[in-house]
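Before any questions on how it binds or moves, here is one chain, the form predicted on its own, in C-alpha cells.
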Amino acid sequence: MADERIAFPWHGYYERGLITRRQFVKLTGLFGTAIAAGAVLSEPEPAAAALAPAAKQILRYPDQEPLHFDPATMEARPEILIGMALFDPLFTFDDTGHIVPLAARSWDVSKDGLTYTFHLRSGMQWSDGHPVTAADYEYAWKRVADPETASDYASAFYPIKGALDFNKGKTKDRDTVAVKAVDTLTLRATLSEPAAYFPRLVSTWNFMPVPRWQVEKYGKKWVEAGNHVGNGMFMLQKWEHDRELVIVANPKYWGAKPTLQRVVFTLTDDPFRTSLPSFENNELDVTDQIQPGDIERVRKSPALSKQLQKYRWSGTAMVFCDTTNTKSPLSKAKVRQALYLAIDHKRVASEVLRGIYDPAPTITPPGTIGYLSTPPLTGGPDRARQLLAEAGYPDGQGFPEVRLAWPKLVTFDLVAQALQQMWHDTLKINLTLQRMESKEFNAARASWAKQPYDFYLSRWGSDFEDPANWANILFDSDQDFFYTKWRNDQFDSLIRKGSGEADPAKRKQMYESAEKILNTDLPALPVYHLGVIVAVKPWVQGFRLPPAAAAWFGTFGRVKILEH
C-alpha cells in the first residue's frame, strides 16, 4: 500500500552535507518522474546507500507500556508492533499487499476450499534452540480457542471446524478443533465453510506459534524477559516495566539477519506528551507519537518538517454503545442516529486533530471491501434534533446523564471534549466524561461484556485489510468484539455469506449492503479514520509502517542506522 510522504528526507541529507548536490538533483528528478507516473514513492535508498552504516546499530523508539507478548492474547498496538518482531507468522505481505510465505514455505488448498495444508520451512529454531515444528502451531491455535485462555481473539479461529463449539464450552475436547500436525513440518486445518480471507487471517499474530514448554513451566510469567522465547527475527532481552524494553537480534533466526543489533523502547504512560521533546533532543531516533497540539509547530519547523513521514493507517476511532442497556438512551437507535448526525466530522479531523487523521462518516475504512464513501444517514444537525425528539427527548428535555469513557490518550481527550461540546450545542444534552488510566479502562471494558454501560471511545485498526476483519470480527452478534451487544439478523446473514463468497463482485455487494445496515443502526458511531505521522531522523534508513498490523512484520528488520 502506498505511503503518503509529505517531505523529501534527502533535503535534510543535502543540507547537512551528507549527499552531494548531484545526488540530490538525481533523487528529486526520480521522485518527480515517479509521481508523474503515479508510482509509489519508496524509501530514499540511493542516498542512504551512499552513507556508511553506523558501527552501533541501535534504534531508539518511544511507546506505551505493552501488556505482554503472548500471541494468544495480544490485541493492542504496543504489543503487536513489538510482538511481530519476536515471532514469525506462517505468511506475511510483500510491498504490494500480496501474501508471501514466511515460516511456511508453501501451502495447499483443497478443491472445496475447506482444507489448508501448510508446509513449514526446515531448520527453523526457537530463540532457545528448540526446533520449530508443526506441533507448536497446533498447540498455539488450540490454546487461543480454549475458553480458559480467555482470548478476545478466539473468534478469529471460528472459521476452523470445531473451534466455535470448543470456545463456547459445548465440548471440552480440544482435539475437536480441526487443526493437526500431520508430521514435524506439516500443519493441516479444516474449515467449517470456505473462507476466502483465511490466508490473510493466519498471517496475524494470534496464529503465531508459542513455546509450549515455557508456557507450561512459567504460566502467565512466560512473557517476562528471561522466560520469553520466540521464533522471530528479534528476541526479548530486557523489560523494565513502565520504563524501558529492549529487543535484540535473534542469532538463531532462520532467515536474513536484521542490520539492527537492538531496539530500545522508552516506555511512558502517554508518549504523545513526552516523545517529541526527546526526539528533538536526539534521545530518540523515531517517534510516531506526535500530538495534535504540536503538529503545526512541527510542520513550520525547517528541521522537523523535513523529517516527517505520513502513513495511512487502516482504522477508525469510534464511540461504542451498549445497545441493550435499557436504562441508557443509547439503547435507542434514534438516539444513536441523532448523536451521529450531530458530529461535525470534518471539524473534528481538521480543527481538533489538526489534520493528522481524516473524517470518518462511515465505519469501515477506505481500502477495505465494503467501504462506503457516502453514508446512508444524512441530514445534519436539523435531522439530529428531529430524531432526538422522536426518541422522546425534544430539545434534550428529559435526557438522562450519560457517561462517555475512554482510555488515557491525548487524542481521545481532545475528541471527547469536542463531542461533549458538539452534542450540547446541537442537541442540548449533557455528557459526563470519564478519562481512565489504561489498566483501569481495560478492566472496565472487560466487565462490559456482561455489565451494562453507556458508551466509550476506542479504535480499531485493520489486522488485515478485509471486511471480515471488520464486520465479522467486530459486529457479528456471535462475536461482538467491542461488547455493543448489537444483533441484526439481516446483517449477520450477509456477512456470514460474504466471508465465504468466492465471487469478488458478489462479496463486495454483500459487504456494502451490510455496511449500510451497520451505519444506519449505529452500534458504533464513527468519528475519524486513523493515520500516523512519524518523525524520523535522517540517519534512519528503511523505516515505514504499512496500513494493516499483520504487515508490521519486518518493521525493524528493514531499518539501518547510518553514520551521523
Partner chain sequence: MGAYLVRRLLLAVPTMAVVYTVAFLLVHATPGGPWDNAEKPLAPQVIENIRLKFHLNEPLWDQYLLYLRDAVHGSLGPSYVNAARDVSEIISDFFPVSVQLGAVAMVWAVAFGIPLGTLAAVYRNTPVDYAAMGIVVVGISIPNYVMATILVTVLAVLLHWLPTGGWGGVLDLRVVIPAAAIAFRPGATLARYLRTSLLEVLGQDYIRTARAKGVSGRGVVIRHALRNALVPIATVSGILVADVITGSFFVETITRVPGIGRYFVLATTGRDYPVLLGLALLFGVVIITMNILVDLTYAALDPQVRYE
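Numbering follows the first chain given and starts at 1. Source: prediction; values computed, not measured.
The discussion below concerns the form predicted together with the partner chain, not included here.
For the options 269, 296, 425, 108, the residue carrying a heavy atom within 4.5 angstroms of the partner chain in the predicted complex is 269. Of the residues given (118, 357, 455, 460), 460 alone sits with a heavy atom within 4.5 Å of the partner chain in the predicted complex. Under a 4.5 angstroms non-hydrogen atom cutoff, the partner chain in the predicted complex lacks residue 91 among its neighbouring residues. Taking non-hydrogen atoms only, residue 58 never approaches the partner chain to within 4.5 angstroms in the predicted complex. Proximity of residue 243 to the partner chain in the predicted complex falls within the 4.5 Å heavy atom cutoff. Put simply, residue 168 is close to the partner chain in the predicted complex: some heavy atom of it is within 4.5 Å. Only one segment in the set 331 to 339, 144 to 152, 346 to 354, 365 to 373 has residues whose heavy atoms sit within 4.5 Å of the partner chain in the predicted complex; it is 144 to 152. In the predicted complex, no residue of 400 to 416 lies within 4.5 Å of the partner chain by any heavy atom. Relative to the shown form, the Cα atoms of residue 439 and residue 229 move apart by 3 Å or more in the predicted complex.
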